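The data below hold one chain only, encoded as structure tokens and taken in the form predicted alone.
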């Protein structure tokens, strides 16, 4: 009987690439820094996207997943558009957020809670519900700032920029079917990646 050779653990780079839908092109990063120079949130990040990608290649999983950088990504896709190597930077940031939540390695639960609440509204209604999202966030994470935020909220209500109640799209059943299928595909891809 031939002994089974132990499988080599996958590198963090391979894990991130496998966890990102489609071809992330992460291994194509040439460390030019265009992403960080393009990012409107870069000054608030612990590490620029370029630094995050270098840390991923260096197998610094814990440090990357504890970083605030993915949480400050505002999904504007400006970095992705400007990347000379067409690295899917925003998609990679989503993957890192997901991995940080799964590994319970994020520092502050405010950003994951906000993200999960947003996703919950979209899954249930087909769109976000800003009033509910902001109210939950401030009550749980910044209750003392709720009064100051309320003034801005009232102004938004008066200008018709925010609703008191969540609105649903017409075809929520179809949306749920699409999301269910997407989750099934994601689960099967994870199973394949583990195997």
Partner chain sequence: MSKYLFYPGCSLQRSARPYLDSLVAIKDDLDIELLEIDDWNCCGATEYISVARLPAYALNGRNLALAANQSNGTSTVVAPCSACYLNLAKTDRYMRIDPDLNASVNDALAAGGLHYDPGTVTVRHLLDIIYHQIGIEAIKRKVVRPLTGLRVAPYYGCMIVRPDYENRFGSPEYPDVLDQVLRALGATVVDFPVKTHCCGGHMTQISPPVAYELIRRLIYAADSYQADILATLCPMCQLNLDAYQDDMNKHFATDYSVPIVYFTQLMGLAFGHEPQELGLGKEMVDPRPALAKVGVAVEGMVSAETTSTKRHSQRRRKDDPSLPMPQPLIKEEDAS
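Since the structure is predicted, the reported quantities are computational estimates derived from the model, not experimental observations. Residue numbers count along the first chain shown, from 1. Here the rigid core means the biggest group of C-alpha atoms that line up within 1.5 Å when the two forms are laid on top of each other.
Only in words, not in the display: the form predicted together with the partner chain, which the text now covers.
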#### Entry: Partner proximity in the model of the complex: residue 160 to the partner chain, non-hydrogen atom cutoff 4.5 Å
yes
### Query
Looking in the model of the complex, any heavy atom of residue 186 within 4.5 Å of the partner chain?
yes
### Query
in the model of the complex, does residue 58 have a heavy atom within 4.5 Å of the partner chain?
no
### Query
With the partner left out of view, is residue 174 within 4.5 angstroms of the partner chain in the model of the complex by any non-hydrogen atom?
yes
### Query
Mind listing which residues of 74-96 have a heavy atom within 4.5 Å of the partner chain in the model of the complex?
74, 75, 76, 77, 78, 81, 82, 88, 91, 94
### Query
Any CA movement of 2 Å or more for residue 57 between this form and the one not shown, core superposed?
no
### Task
Take the rigid core as the frame of reference and indicate whether the C-alpha of residue 178 shifts by 2 Å or more between this form and the one not shown.
yes
### Task
Taking the rigid core as the superposition reference, indicate whether the CA of residue 117 shifts 2 angstroms or more between this form and the one not shown.
yes
